[in-house]
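Single chain ahead, written as C-alpha cells, the form predicted on its own.
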Amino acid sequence: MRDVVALALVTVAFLVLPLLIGQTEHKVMAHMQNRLGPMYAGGFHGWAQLIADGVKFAQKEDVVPERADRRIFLLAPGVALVPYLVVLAVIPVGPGQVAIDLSLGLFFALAVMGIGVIGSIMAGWASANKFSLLGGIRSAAQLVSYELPMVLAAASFAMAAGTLSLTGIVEEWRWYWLFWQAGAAAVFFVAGLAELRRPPFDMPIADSEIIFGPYTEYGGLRFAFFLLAEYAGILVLCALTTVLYLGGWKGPLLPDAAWTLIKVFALAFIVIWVRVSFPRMREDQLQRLAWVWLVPISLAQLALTGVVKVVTDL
C-alpha cells in the first residue's frame, strides 16, 4: 500500500511541479524583460495559463507527415517524457520520503536521464524533415559531449559521500561541501543544462536557424509532451543538484520536504535567469566548453576529492 501511495504522489508531483516551473518562467522572464507575462487565464495573474495551453494543444489535430517513420514518430514524445518520471521516483525529499530507495540511486538516475535525449533524436530522425534531422544530430552531439563531465562530477559527490545512494549522499553531506565540491556542482549543473538543451545550449532547437529542430513536425498533445519533458527535466536536474550539493532536505525550522522544494525552485530560478541573460552559443563554442573546460575541471575535482578523502577522511 505504501508503494502505491508513494508512486501516486510522485505522479502528482510530476504533473504539477513542472507546470509551476513553467509558470515561474513566464513570470520571471516577463519581469526581467520589463513586460507583461500571462495575466488573464484563470484570473489572478494568469495562474492557469499553462493549463489553458494544455487544453489548446489537446484541441489541435495530431498530424503525422506522409514520409515520416510513423511508429518512431509517435513513440518519440513518450521516450522523451517518461524517463524523468522514473528518475523522480528515486529522488528523496526527506528522510525515508522517497518512492524507491535504491542503493545505486545516483547511477540509476544518470543512466535514465540520458534516455530522455534519445526521444529528441528519434523525433529528428523519424520526421523526414532536414531541419528536424539536423536538430536530432545536434542533440546527439550534445549528449556525447556533456554526459562525460556530468558523470565525472557526479562521481566526485559519490566519492565524497562514500555511497551511490541518493539518500546516503544527503545523510553524509556536510556544510563544507559548499566549498570543496563547488567545481563539481558547477560542472554538473552546466552539463545538465546542456543535456536538457536549455538556453544558451539550445542549438538543437534554434528557431532562428532550423525552425524548431526535432519538434518542427509535431503539433497537438505530442508537442505538449515535449514541452512538459523540458520542464520535467529542469525539475529533475534541480532536484539532483539539491540532493548532491545543497544537502537535500537539511535545513532549520521548516519541514524536510519544504527545504527540498525551496532549494529546487531556487535553482530553477537560476535556470530561467540563464535563459534570459545569455545568448545562444555556436556549435564550436558548445564543444569547446565541454572538452576544454568542463572535462578538465571535473577530472581535477575528482582527483581533489580522492586526495582529500585519503588524507583527511572528510
Partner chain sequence: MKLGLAKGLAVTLRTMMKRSVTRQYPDVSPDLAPRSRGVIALFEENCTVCMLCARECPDWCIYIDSHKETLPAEGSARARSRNVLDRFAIDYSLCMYCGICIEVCPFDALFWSPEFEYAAYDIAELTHERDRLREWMWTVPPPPAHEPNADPPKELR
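Residue numbers count along the first chain shown, from 1. Here the structure is a predicted model, which is why all the values come from computation and not from measurement.
Not pictured, yet referred to below: the form predicted together with its partner chain.
> Taking its partner chain in the predicted bound form as the reference, which of 28, 286, 261, 48 has a non-hydrogen atom within 4.5 Å?
Spelling it out, the residue with a heavy atom inside the cut-off is 28.
> So its partner chain isn't shown here. In the predicted bound form, which residue out of 63, 276, 257, 52 has a non-hydrogen atom within 4.5 Å of it?
So the residue touching its partner chain in the predicted bound form, by this definition, is 276.
> Looking at the partner-bound form in the predicted bound form, is residue 265 within 4.5 Å of its partner chain by any heavy atom?
Residue-level check for residue 265: no, no contact with its partner chain.
> So in the predicted bound form, is its partner chain close enough to residue 59 to count as touching (4.5 Å, heavy atoms)?
Residue 59 lies outside the contact set for its partner chain.
> Would you check, heavy atoms only and a 4.5 Å threshold, whether residue 40 touches its partner chain in the predicted bound form?
Contact check for residue 40: yes, within 4.5 Å of its partner chain in the predicted bound form.
> Is residue 36 a contact residue for its partner chain in the predicted bound form, using a 4.5 Å heavy atom cut-off?
Yes.
> For the stretch 254 to 270, which residues lie within 4.5 Å of its partner chain in the predicted bound form by non-hydrogen atom distance?
Heavy-atom contacts within 4.5 Å come from 269 alone.
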